[in-house]
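Just the one chain here, the form predicted alone, laid out as structure tokens.
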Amino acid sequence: MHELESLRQRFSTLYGASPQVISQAPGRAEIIGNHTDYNNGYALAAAISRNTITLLSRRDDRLIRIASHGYAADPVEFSLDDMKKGEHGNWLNYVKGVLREIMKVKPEIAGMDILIQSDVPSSGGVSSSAALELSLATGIMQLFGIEMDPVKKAHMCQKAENGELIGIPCGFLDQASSGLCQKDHLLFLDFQPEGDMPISEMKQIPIDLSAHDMSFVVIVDKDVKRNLGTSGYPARRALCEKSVPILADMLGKEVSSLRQVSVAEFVSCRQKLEELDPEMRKRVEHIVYENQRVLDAVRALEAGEIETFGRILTDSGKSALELYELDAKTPELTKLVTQGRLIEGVVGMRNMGGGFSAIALALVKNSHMNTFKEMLDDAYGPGLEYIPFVPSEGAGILS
């Protein structure tokens, strides 16, 4: 409450009036389901206990005035009728991308005064971009009385990020997690499209880490820079898509995505795929087994088998490094994960996110958390940031 009151005062100082709406959306942690979203597979995700807060009030014209801690202390202005793309990576492109998508639904929205505050690390692999998009969209929709199903709203924000103003080819995991998660739950997502929606099923999986005296923590080396749009992400996505008709021919059945290939079916054609294209075989093997790991992780959680769940996390990380090679040009990622999972008290540890960076997720016993950090700092070196979190609530209205 103290933070909100401070933000209200800041808003009033900037714009001479009180905000009419305050919204929030959290960052996210990919728990398991690595690169499965664009392969129509499965994933488990959580909203983290870091969020982006957006304060808004309506104007009588078409002007947008927007300030953001860390980007623009003084308001930046542009018109809803003139939303040109700025330089690559410019944070205003994300704002304009969301506005453009909302205006497809309600073209007659008016201008706004906006203040954005976030403690979601922009370099932490926890999708600060999705938190910004969902927080902004949630606030604007409340301000103008736009009703939209939460799944459609998250999909709209994904389209904004994929669109020409931003141009990042992210899957649906980021926006779904930020928009749809619930406190003390992991979000299960089935990325088999249904109609115009990128998922056919989602459900909330309860997880009570306190009962097991454990916590999640994201570990980040902020000095290792990553850009999803120019990384190896597009190449891996393209190779997975290329494999689909090849596997359909090998298996003698219709295959529209890798989620339709079972582990047993993959094993039956593994050698043929290896002989045809060893790199493709590795990429496919990771995705097929990763989908099964997600389903196994859900069963382990529902049965209260937290140690089994931890082992599945570790297996996921090994596959991502050895088969999907997400440590390409970033040996720091391999060092971070392999050193970390050897430390006593670590129940499971894996890479997190799209890769090509040094970001990991660990499930650690609370009694060992301090020594875990100390020992990992000693083994890895200086510069690591630790982001502990509990599974939190998705996007919503604060005031």
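In case it trips you up, residue 1 is the first one in the sequence shown, and so on. Fair warning: this is a prediction, and the values are worked out from it, not measured in the lab.
What comes next is about the form predicted in complex with alpha-D-galactopyranose (GLA), which is not displayed.
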*Sort through 266, 309, 172, 188 and report the residue having a heavy atom within 4.5 Å of alpha-D-galactopyranose (GLA) in the predicted bound form.*
172
_Proximity to alpha-D-galactopyranose (GLA) in the predicted bound form (heavy atom, within 4.5 Å), stretch among 112-120, 163-171, 77-85, 145-153_ = 163-171
_Contact test in the predicted bound form: residue 38 vs alpha-D-galactopyranose (GLA), heavy atoms, 4.5 Å_ = yes
*Any non-hydrogen atom of residue 34 within 4.5 angstroms of alpha-D-galactopyranose (GLA) in the predicted bound form*: yes
*May I ask you to check whether residue 27 falls inside a 4.5 Å heavy atom distance of alpha-D-galactopyranose (GLA) in the predicted bound form?*
no
*Is there a heavy atom of residue 94 lying 4.5 Å or less from a heavy atom of alpha-D-galactopyranose (GLA) in the predicted bound form?*
no
*Can you tell me which bits of 340-362 touch alpha-D-galactopyranose (GLA) in the predicted bound form, meaning any heavy atom within 4.5 Å?*
353, 354
